[in-house]
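Presented below, as structure tokens, is a lone chain in the form predicted on its own.
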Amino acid sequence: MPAIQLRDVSKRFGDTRALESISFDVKDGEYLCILGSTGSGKTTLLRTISGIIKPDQGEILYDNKNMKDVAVEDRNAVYVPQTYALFPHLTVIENVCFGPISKGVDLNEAKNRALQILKLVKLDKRANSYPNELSGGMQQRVALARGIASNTKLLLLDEPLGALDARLRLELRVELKKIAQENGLTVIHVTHDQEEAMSIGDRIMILRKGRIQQIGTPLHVYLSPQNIFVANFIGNTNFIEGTILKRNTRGSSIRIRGGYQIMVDDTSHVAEEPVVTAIREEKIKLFDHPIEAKNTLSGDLIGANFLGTFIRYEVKLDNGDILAALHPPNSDLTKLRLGDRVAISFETFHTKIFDYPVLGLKRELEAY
């Protein structure tokens, strides 16, 4: 039975549409990550589920019980906000103990549990410090520890790792998922970091302008984005505008800018239909010499950025389109210099075709 159910939930602030007809389920013990850019409605959705904000319409149910008239403190849910909301007059351990003690847990038991959780977030040595003696990242970890210590059934996390340094953020991702699994928690975790969402979420939800764009496992969303916005928001994707030239039982040929042609496996569109072809950057191969192969285009190298695991190369094709390719830094391509002539190539089965957007490709990619 789903732990959380939302049915047609909407919320407006004046003329601003924050949430529009939101419906989804979160199963008991599931870890759901809500992903979206600033202003997409992530925090509003989380605060609505917690009861801090009342929806204009729709229903929110916990284990099939309607939460319409249930107070925030009676929902057995803990909301951990971006702003930490720590008690300034209490020490770190007193802040973490506050929830369990308020629910009748013995003081010693509450302190022992608090210390265990503070060790997980690497703050046990600051247990007797006050919030104003801590950095922003430390305060965020205290807020996270306090939420975990409350022994709630539902944990609502609003950018819980946002203020942490990169290394600690990676470590706490693993710990968060482990804590949730070991304690049987249902977690709804809001973030703008796609790597964070995909690494810890059982499922991820993509929000845009208050509407759900897609919800599914990280792998499914990555491999099968439902629209151009999701394809762009999750992963690194190139888009090529064109028109279907012809199709047969094996695939379609697409006429792109400059009179060039590319081939795709997709057969869902008819001749003369405008489309957008999406190709992941890691699926494009870059060559420092001319080659003869299907879906090969030539151009000039205009960018090369070292990203650690990959180098991201940008190529301005002879037709004016700009495509990017990711390659490991140990390849022979590191000898390339800006302005060099190069060739790019991709397989027909690494492409995905979308209907051409009514308002144009640029507008479709906008988050706002």
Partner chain sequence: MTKVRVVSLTKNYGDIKALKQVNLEVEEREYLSIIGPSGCGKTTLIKLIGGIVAPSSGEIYIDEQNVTDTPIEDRNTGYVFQEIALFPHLKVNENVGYGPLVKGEDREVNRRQVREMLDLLSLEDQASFFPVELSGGAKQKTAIGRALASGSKLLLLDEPLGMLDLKIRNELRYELRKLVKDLNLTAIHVTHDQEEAMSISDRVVIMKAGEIVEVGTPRKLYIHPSKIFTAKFLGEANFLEGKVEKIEGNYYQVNVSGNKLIALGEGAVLKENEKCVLAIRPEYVKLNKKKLNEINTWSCYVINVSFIGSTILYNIITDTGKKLTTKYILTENEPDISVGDKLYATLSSEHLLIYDYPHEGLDKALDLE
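Since the structure is predicted, the reported quantities are computational estimates derived from the model, not experimental observations. Positions refer to the first chain, counted from 1.
Form predicted in complex with the partner chain: not shown, discussed below.
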Proximity of residue 218 to the partner chain in the predicted complex, heavy atoms at 4.5 Å: yes
Looking in the predicted complex, any heavy atom of residue 330 within 4.5 Å of the partner chain? yes
According to a 4.5 angstroms non-hydrogen atom cut-off, is residue 64 in contact with the partner chain in the predicted complex? no
Would residue 245 sit within 4.5 Å of the partner chain in the predicted complex, counting heavy atoms only? no
Three residues, 225, 288 and 348; all within 4.5 Å of the partner chain in the predicted complex via heavy atoms? no
Given that the partner is absent here, state which listed stretch (191 to 199, 292 to 300, 263 to 271, 113 to 121) has heavy atoms within 4.5 Å of the partner chain in the predicted complex. 191 to 199
Name the residue from 26, 343, 326, 323 that puts a heavy atom within 4.5 Å of the partner chain in the predicted complex. 326
Position in contact with the partner chain when the complex is considered in the predicted complex, options 232, 277, 253, 213, heavy atoms within 4.5 Å: 232
Residues within 4.5 Å of the partner chain in the predicted complex, restricted to 120 to 149 and counted by heavy atom: 135, 136, 137, 138, 141
